[in-house]
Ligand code: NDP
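Next up: just one chain, as structure tokens, the form predicted alone.
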């Protein structure tokens, strides 16, 4: 039986790296994307991930490209399909934080456009292209039901006025997942929205002290930071079909952040 193929954007570090390693443990061949390739660096980046992934006897194809750019997006997809001929699981993980946190009353158009292009526009149109390919796969007959997974954030539904454009981009991504779930249901292609909470990555390193304090004070039910592996396990559970009857589901990986309490 052939190995299923997963495409993970932003796979060179953090959550994307955690997802790639977890799917490799489950026998997935992987296309991992990043904005650039550094083959000489085996300590970090896509080629470090490649070495880790391939230690599980699967294949890893590193691809460079900014998915917010239409031409780069087409090239990334061409390389992915040239490598494996199909994509069974698309994990929209690539995203950026803010260059500088500003009050919503001071947010600049430059920052807004950057975040929206990378966090929302790129995944929107990448998913559109992959969804059409998945429909063709289904019509041709496939032994593996395709799925699309969006890595959004608790910021999809939690206001943070010092980084409003980030919250808006993630809320838009969550709604993209909902719309695709509706549109693709007739083809048996499931779509999911995974919302990580406070996850220990390079992106959150600058606010470690802030969140250490909040976690200690009871912000989360589970009093620890989340890890990329936590998110990877949720992705693997979906990819393996454990949430087959749950298209459109929102899954928070946030240590109980979203539980309302009195």
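Just so you know, these numbers come straight off a predicted model, no measurement behind them. Numbering follows the first chain given and starts at 1.
Missing here is the form predicted in complex with this ligand; even so, the following discussion is about that form.
Across the proposed site, 93, 96 and 201 without exception bring a heavy atom within 4.5 Å of this ligand in the model of the complex. At a distance threshold of 4.5 angstroms between non-hydrogen atoms, residue 118 is in contact with this ligand in the model of the complex. Although the partner is absent here, residue 151 is a contact residue: one of its heavy atoms lies within 4.5 angstroms of this ligand in the model of the complex.
For the chain shown alone, residue 23 is not a contact residue for this ligand in the model of the complex, no non-hydrogen atom being within 4.5 angstroms. This ligand in the model of the complex is not approached by residue 42, whose heavy atoms all lie more than 4.5 angstroms from it. For the options 58, 220, 67, 236, the residue carrying a heavy atom within 4.5 angstroms of this ligand in the model of the complex is 67. The partner is not drawn, yet in the model of the complex one stretch among 23-31, 212-220, 191-199, 50-58 has residues with heavy atoms inside 4.5 Å of this ligand: 191-199. Counting a residue when any of its non-hydrogen atoms is within 4.5 Å of this ligand in the model of the complex, the hits in 34-59 run 34, 35, 36.
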